[in-house]
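Below, in structure tokens: the form predicted on its own, a single chain.
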Amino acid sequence: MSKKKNSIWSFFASVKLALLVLFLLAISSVIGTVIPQNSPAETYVKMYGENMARLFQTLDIPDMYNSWWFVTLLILLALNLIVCTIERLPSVWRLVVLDNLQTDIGRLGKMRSRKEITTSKSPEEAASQVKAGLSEAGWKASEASRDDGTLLFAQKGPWTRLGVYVVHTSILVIFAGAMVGSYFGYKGSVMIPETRSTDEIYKFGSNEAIKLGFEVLCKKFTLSHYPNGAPKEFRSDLVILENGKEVLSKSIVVNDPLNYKGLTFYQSSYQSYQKFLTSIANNETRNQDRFLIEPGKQVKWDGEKVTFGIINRDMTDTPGKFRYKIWFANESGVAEPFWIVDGDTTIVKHGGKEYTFALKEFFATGLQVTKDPGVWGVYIGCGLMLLGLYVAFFLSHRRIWVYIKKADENTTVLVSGNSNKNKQAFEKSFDAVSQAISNKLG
């Protein structure tokens, strides 16, 4: 029974398992990038044929990142990291807390980085000067009597040996955050016409309606173009309403979302209705109203006895931007047309009265909505990973021993040191410390 347990433990502690799982995850990620995810079944039939599409469905390729086998790979990698950490961390921790003043004196003369200095000073005076030299070089030394001599020891960065385990922990934290987001979060979308609001979105995949618990109002949608007429930027002025009251407003564009109560609203698309939002105000009476109109259809503003409509369209000097000819009449009974550019406001003087008239194309904004309660776990994990990688690759555990002993009429000072990595950088540091000690000893 014990033997079987050891073999299972060895399997999960294997570096080969880690490499295999990482390779399979990399291949899976490439597949998930190349093959569209969460598309309708007919899309895969059209792109890859009926037989291949059926195989994709069997292997859960269309929803690969939530498939049982992909989750199993992540669990295998997590178990591998946990078992490797449990197996190797105790020995590393012993090096971190090791009492280096108990180091075998015989080892010091065999280290690669070493220098022997002879001085006429007494061992006590030499030890004091060595401590001063180490201190000036930025090393704080501890002291112990060893084998009829004095051993000094100083170190920097013993905790850097834990850098790789910080990376291990970061991966587990990222996995945990991703799993929390996958099982307790969701993604959806909604199309909101300008001046309208909604309190629900529709979940990706199932098209299930999800209540938000508040309303999202699109006050205005603005579409700008490049000089060649291609869409450049689409911007939505959103307002969050709680019990009919405005609690938050933000103008969002692609990659600059609105966040509220754990939900993130991204600008993703838009839709034109081939209709126009118009507002008209009598500058004398201050009466005003807003209308949603269609080209070629007459609109009446009964409150002011005004009749108007769009009767023509013409391209402006800016590609993709149009101006519209408005037929306009009031109680005077005489119609006078005028032109207005999409998105502009103009003053209309007619029949002895003055009006302010504005027109813009009517759009709906397409929003992608995500709820990811595990996102902070992912952010924290990424931060830990950067910290762990920096420690693991750029910092090292550096140790210096100085053994001082009386030899005939003189005192010998043996300076030794090592580093667990970055050997060349340590050699420069060791030479500087040795020189500082030599200068102190005269």
Partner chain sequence: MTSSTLFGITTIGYLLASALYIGTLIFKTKKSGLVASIITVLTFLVQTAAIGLRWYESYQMGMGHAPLSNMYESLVFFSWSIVIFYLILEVKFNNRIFGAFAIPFAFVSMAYASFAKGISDQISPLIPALQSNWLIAHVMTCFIGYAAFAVACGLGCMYLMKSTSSDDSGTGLLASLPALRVIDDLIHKCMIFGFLWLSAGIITGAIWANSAWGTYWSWDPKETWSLITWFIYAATLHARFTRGWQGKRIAWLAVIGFVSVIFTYFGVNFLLSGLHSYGSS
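The model shown is predicted, which means the values in this text are computed figures rather than measured ones. Residue numbers count along the first chain shown, from 1.
This protein has a second form, the form predicted in complex with its partner chain, left out of what is shown; the following refers to that one.
Chemist: Among 142-150, 347-355, 230-238, 330-338, which stretch has residues whose heavy atoms lie within 4.5 Å of its partner chain in the predicted bound form?
Modeler: One stretch meets the cut-off, namely 230-238.
Chemist: Just one of S29, T58, N51, T43 has a heavy atom within 4.5 angstroms of its partner chain in the predicted bound form, so which one?
Modeler: Of the candidates S29, T58, N51, T43, S29 is the one lying within 4.5 Å of its partner chain in the predicted bound form.
Chemist: Pick from D104, E208, E242, D256: which has a non-hydrogen atom within 4.5 Å of its partner chain in the predicted bound form?
Modeler: If I apply the 4.5 Å criterion carefully, the residue I get is D256.
Chemist: Counting only heavy atoms and a 4.5 Å cut-off, does its partner chain in the predicted bound form sit next to every one of S113, T118 and L172?
Modeler: Answer is no for this spot.
Chemist: Verify the contact flag for V375: yes if a non-hydrogen atom of it lies within 4.5 Å of a non-hydrogen atom of its partner chain in the predicted bound form, no if not.
Modeler: Judged by the heavy-atom cut-off of 4.5 Å, V375 is in contact with its partner chain in the predicted bound form.
Chemist: Would Y403 count as a contact of its partner chain in the predicted bound form, using a 4.5 angstroms cut-off between non-hydrogen atoms?
Modeler: Outside the cut-off, so no.
Chemist: Heavy atoms within 4.5 Å of its partner chain in the predicted bound form: does N410 have any?
Modeler: N410 lies outside the contact set for its partner chain.
Chemist: How about L386 - does it come within 4.5 Å of its partner chain in the predicted bound form, if we only consider non-hydrogen atoms?
Modeler: Yes, contact at 4.5 Å.
Chemist: Going through 169-184 from first to last, which residues have a non-hydrogen atom within 4.5 Å of its partner chain in the predicted bound form?
Modeler: Contacting residues: I171, G177, A178.
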